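Here you get one chain, nothing else, as structure tokens; it is the form predicted alone.
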Amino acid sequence: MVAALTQTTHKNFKGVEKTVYGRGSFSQLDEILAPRRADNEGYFVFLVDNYFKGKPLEGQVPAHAEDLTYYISVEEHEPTTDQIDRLRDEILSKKGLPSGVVGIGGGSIMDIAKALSLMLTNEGSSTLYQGLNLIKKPGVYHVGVPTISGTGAEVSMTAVLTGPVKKLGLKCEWTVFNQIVLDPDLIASVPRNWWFYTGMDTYIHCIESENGRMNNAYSHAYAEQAMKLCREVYLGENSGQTAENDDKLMVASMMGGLSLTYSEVGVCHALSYGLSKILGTRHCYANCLIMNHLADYYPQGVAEFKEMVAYHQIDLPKGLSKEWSDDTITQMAHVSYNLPHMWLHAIGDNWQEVITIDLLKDLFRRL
């Protein structure tokens, strides 16, 4: 008799192919892109956060005459499937398939660049590809240049999009950037509150990665170092928005993203998806609003998070749920419930016995 085999599946993920780090490294972008300019129709698409329109960075973007440059506002809402579909159709109708896509901005711009690179080569609406390994063809060459540190989108294999039905990422190995440029000079102008919110996204990534069933020595090593850097930036003797701390936070963001890639996020992120999908609340801010009320899930992490909030005098409003109808809260609960991979990590195999719609509604009422 042959003994039954026990099948164990470990993540086999693709990382960023090339990384350049250091102050002034953005000046190398034109040189980095040069070998790819002969690909496809011989032009690049630059997606730049509209925040930089009219600022010095605008003049440093190495766009050639044949390239297309879009300045995209991400203040009002996070990336949507409709936005990606329209942008894809416009680009292809104008000039055909580009040599590549370059995203310059925060996490939303990173996700738009990753999603666009995939949808330029995959037919139909991006709503068809929200989920794991649904993309059929590799995207075009794509480069990420983060200007805000914290989201980890520069190294993640997910491009998070809000669609008409759900908020969920296009997630596969082809999502990952071919090249990233990590230049701390680019994050010097980030407003203080968003410097805090985005940095806390890194910290929360690590707290959730560490406190769940998928945590292991690989994810722990990245999370441990990322949290050490976050503590130096937000609670250390020289804490604050300094050049040295910008360097640290950019590296922490990358490491936090790598930690959750081999582990997973948890309760806070699941709830933030509900808040963002139904009310349009920006992701990093939503995480901070929710983390403030999760001491029964992450006691040590929340205690330290509150210490950081107090130290930097960040005002996180309370009593928000008093303005929400039961129907709104129910919708948020359903969005959050339908993220089994997060609950499996945070709670375990029996998560459906623990996490109910009523429980999630009660969690949202804490806000």
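Counting begins at 1, following the sequence as shown. Model, not experiment: these values are computed from the prediction.
Just so you know, the form predicted in complex with a small molecule exists too; it's not on screen, but the next bit is about it.
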- Message: Counting any non-hydrogen atom inside 4.5 Å, which residue from 247, 85, 210, 78 sits next to the small molecule in the predicted complex?
- Response: 78
- Message: Just to confirm, with a 4.5 Å cut-off on non-hydrogen atoms, which of 119, 113, 252, 153 contacts the small molecule in the predicted complex?
- Response: 153
- Within 4.5 Å of the small molecule in the predicted complex, do 148, 198 and 283 each have at least one heavy atom? yes
- Check whether residue 266 has any heavy atom within 4.5 Å of a heavy atom of the small molecule in the predicted complex, and answer yes or no. no
- Message: Would you classify residue 101 as touching the small molecule in the predicted complex, given a 4.5 Å non-hydrogen atom cut-off?
- Response: no
- Consider residue 74 of the chain shown here, and say whether it contacts the small molecule in the predicted complex, taking contact as heavy atoms within 4.5 Å. yes
- Message: in the predicted complex, does residue 277 come within 4.5 Å of the small molecule, counting heavy atoms only?
- Response: no
- Task: Would you point out which of 62 to 70, 307 to 315, 294 to 302, 48 to 56 contains residues with a non-hydrogen atom within 4.5 Å of the small molecule in the predicted complex?
- Result: 48 to 56
